[in-house]
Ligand code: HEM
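Only one chain comes next, encoded as structure tokens, the form predicted on its own.
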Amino acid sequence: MATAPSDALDERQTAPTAEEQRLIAEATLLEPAVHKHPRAFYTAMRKLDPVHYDEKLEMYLISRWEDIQTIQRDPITYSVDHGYHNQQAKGFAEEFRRILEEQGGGYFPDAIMSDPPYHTRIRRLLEKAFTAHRVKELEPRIAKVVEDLIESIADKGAMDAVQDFAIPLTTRIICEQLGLDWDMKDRIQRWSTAVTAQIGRMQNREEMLGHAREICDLQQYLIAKMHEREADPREDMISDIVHAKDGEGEEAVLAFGEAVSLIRALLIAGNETTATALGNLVFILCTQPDIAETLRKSADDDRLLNRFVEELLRIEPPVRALSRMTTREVELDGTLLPEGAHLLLMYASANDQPDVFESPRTFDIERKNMVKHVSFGGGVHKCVGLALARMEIKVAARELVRRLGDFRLAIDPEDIRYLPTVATRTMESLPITFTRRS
């Protein structure tokens, strides 16, 4: 069994404050103020109610690292399939599904968000796409995309780090890997927002209808590309998935709907979450100049760069939380959960737990146990694209500090706005200033 270090502070041994008690009694992740500044709520849950029922969200919030480990070790009791798909378009699910069936080429549940043994087969076939495009071999191509983008803005002295850097960078890279058209970048951004909103639990019906139209557009576009690759395979991930095979028989290949869902997931996950991480990267460079300077002096040190990436992912995970559902009555950390209980695994809270990560709000590149973070999930559902995400973040960090300096926010941190979704804590924009290095 995984255990946390015993020599660090255990929050549960400290007396709760009045504010922590109020948060447990009144707060919800759906509150804009909590969504923007969630850490006090995380602390209150970890101390007072680690399996906390959020009445407005109608979900149990799992806030402690060890409880998340327990859940990830048991994918049958704690179902991703039920948790994720019961979250899909919550409150509007039937209408959402009907729109996609009528206008989007079909309703295709996310095949990768499933349970063993079905998930085992799907993951094995999906991994063939990543095997065919080994991440290490991609580094020079990723570096070229990063260099070109930075050079296009280096003399401007200012940019929106989200809209001018993070989103264009991740979109270009995933387009190249999937074999999609780069001129689709604006549509891809809208598609990413629409797909993420379906698990975010913060959309109203009017927003759902707009998002559903975007997802219909996305699916029709992908289906056309898939038919092209069926007839004429290319060196890209769409071709890899369409033609993926593992053994013989019907189960050895992906059904068409499964393939649609996987390509859709790669496009969105490969864009939205990595863009969120890159926005967090620039925020760190702007607000912690000592870290930026350490990074600049060590830009050729691959070990340090890798450690920087892991600590960035720990301290600001691009995926804040993902859901599960219990398939039977089960006790977790002293709380009896009924069958069908909807859970939200709070990765950001677990990464902030002081008896696991000492001084968790300190950005420490030499932290000894940083790899224990849960930002990529864990167990059989650990993120399949984690190596590519790490590579993109590392190359972006290296080239930013090599080519630019004097990073500063051009906005008060309190004025930063975040996308309305409980699944991520994604900045809508991040205006900054900088100088070009000679």
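Residue indices: 1-based, along the sequence shown. These numbers come from a predicted model, not from an experiment.
Just so you know, the form predicted in complex with the ligand exists too; it's not on screen, but the next bit is about it.
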Legend entry - Listed range touching the ligand, judged in the predicted bound form by heavy atoms within 4.5 Å, from 290-298, 144-152, 118-126, 352-360: 118-126
Inset, instruction - Examine Thr274 and determine whether its closest non-hydrogen atom to the ligand in the predicted bound form is within 4.5 angstroms. - result: yes
Legend entry - Touches the ligand in the predicted bound form: Gly83 (any heavy atom, 4.5 Å): no
Inset, instruction - Find out whether any non-hydrogen atom of Leu61 is located within 4.5 angstroms of the ligand in the predicted bound form, and reply yes or no. - result: no
Legend entry - Touches the ligand in the predicted bound form: Val384 (any heavy atom, 4.5 Å): yes
Legend entry - Sole residue of Ile215, Ile174, Val282, Met346 within 4.5 Å of the ligand in the predicted bound form, by heavy atom: Ile174
Inset, instruction - Select from the listed residues Leu29, Met370, Leu388, Leu404 the one whose heavy atoms reach within 4.5 Å of the ligand in the predicted bound form. - result: Leu388
Inset, instruction - Between 320-342 and the ligand in the predicted bound form, list the residues on our side with a heavy atom within 4.5 Å. - result: Leu322, Arg324
